[in-house]
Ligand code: ATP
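Presented as structure tokens, the chain that follows is alone, the form predicted on its own.
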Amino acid sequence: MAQARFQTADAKQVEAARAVAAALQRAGHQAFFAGGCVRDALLGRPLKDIDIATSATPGQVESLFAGHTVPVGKAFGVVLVLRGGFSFDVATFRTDGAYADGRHPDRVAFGTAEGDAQRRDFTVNGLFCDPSSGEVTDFVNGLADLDARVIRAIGEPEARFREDHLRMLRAARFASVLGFEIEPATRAAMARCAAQIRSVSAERIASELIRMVCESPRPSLGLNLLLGTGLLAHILPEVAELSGTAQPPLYHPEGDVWTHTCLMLDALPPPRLPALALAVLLHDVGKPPTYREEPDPGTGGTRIRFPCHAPVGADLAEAILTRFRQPSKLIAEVKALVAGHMRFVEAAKMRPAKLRRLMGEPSFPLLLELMRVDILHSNGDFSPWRFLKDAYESFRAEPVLPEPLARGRDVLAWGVEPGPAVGALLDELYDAQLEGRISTQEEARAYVLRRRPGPSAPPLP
């Protein structure tokens, strides 16, 4: 008999969950750990959440844990129970009615543990276990699929996806994060139902996609599933167009833009920061619309070019993440990374002030990593990247962007007339400071006096 062993960063979480289940059992109800926590325990993966399935009705759960519950989904049989500083979803065994909106059942009926397992999405997520012994109860042949490392829909796959369209993305994410295959009938149903994903909210689609690219050991597995089933064309057509977009072999011997992007994502160790993972996914999204073939005087043939693909891609990245209703801070960070990912090419020729401004940007460490994996899976010439990295390391002992020697109030006090010229003069002063041409406020004042016509300014206080 299979037994689940629970690994968690906080053993108190498991103790608290077992205490909740034990209280339900003492009151005469069935209570199991259910779903993803059982799957992960059997795989030896650390737990995130522990869900509890029970024969107790929501009302009985609320009475049993009076003062320590939140009715988060009471209409669907789910009550949040608070215990020991943790919260647990306690869900009544149920069967679901029709899913008119393609996401949520119109009604539920309370039932048995077996019926509850049968209404779940995939067999590896339909397992229950005894909270104290870890003994597994399997109504859906999930243990065999777990051993075979297979994602299989419970029952008829197309029916499961018609009920909840998001399950198609979840199948791809589970396969990618766990390194599993999707069973052929389940995968075929994903392809047939792919267009239905359009009815799912942008936020939920984005959540699944971000988890896939951030958590998967090899995000390319999930991305290729989305591409092959047609789902990607519906949720991220701009990224789907990377497939088949050729690149110049001299600079990109690895293949087309899609292959290049997948290799880059796989080269980043998980867990990945969302801003970096999304920037890698979208860094070349400007290449398909800027693709050009031009005569090559050197060979007499043609060469492929992508003029201005970085700024074009930055605008597309902003539009995509806005469409996905992501936080403005994340959108701005990803846009900046996509816009700047080619700047290593010109780094050695930059004026010192421009170089320091680049390295002083908050996202520069992420930009450096984006550049690294970009070069790793293209021509492999790391010399411009090393120049940037060495320059950045040389400023570790001091701020890359120090406090300005002069601000607006200072130059006004030194006799500069208010107006647009003040901002331009401050930029010029700061460049001079970054390049080491001035290092004190007295030198800044002298610089301003040389630049400003008219009578002498008052002395420094």
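We number the residues from 1 along the sequence you see. Source: prediction; values computed, not measured.
Omitted from view is the form predicted in complex with this ligand, to which the following refers.
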So which of T92, N125, T261, T229 reaches within 4.5 angstroms of this ligand in the predicted bound form, heavy atom to heavy atom? N125
In the predicted bound form, which of the listed residues (H68, R26, R409, K48) lies with a heavy atom within 4.5 Å of this ligand? K48
Is D164 a contact residue for this ligand in the predicted bound form, using a 4.5 Å heavy atom cut-off? yes
Would D121 count as touching this ligand in the predicted bound form under a 4.5 Å heavy atom rule? yes
Could you tell me if F174 has a non-hydrogen atom within 4.5 Å of this ligand in the predicted bound form? yes
Taking heavy atoms and a 4.5 Å cut-off, does G36 contact this ligand in the predicted bound form? yes
Answer range among 301-309, 371-379, 277-285, 112-120 for contact with this ligand, defined in the predicted bound form as heavy atoms within 4.5 Å: 112-120
In sequence order, the residues of 203-235 that place a heavy atom within 4.5 Å of this ligand in the predicted bound form are R211
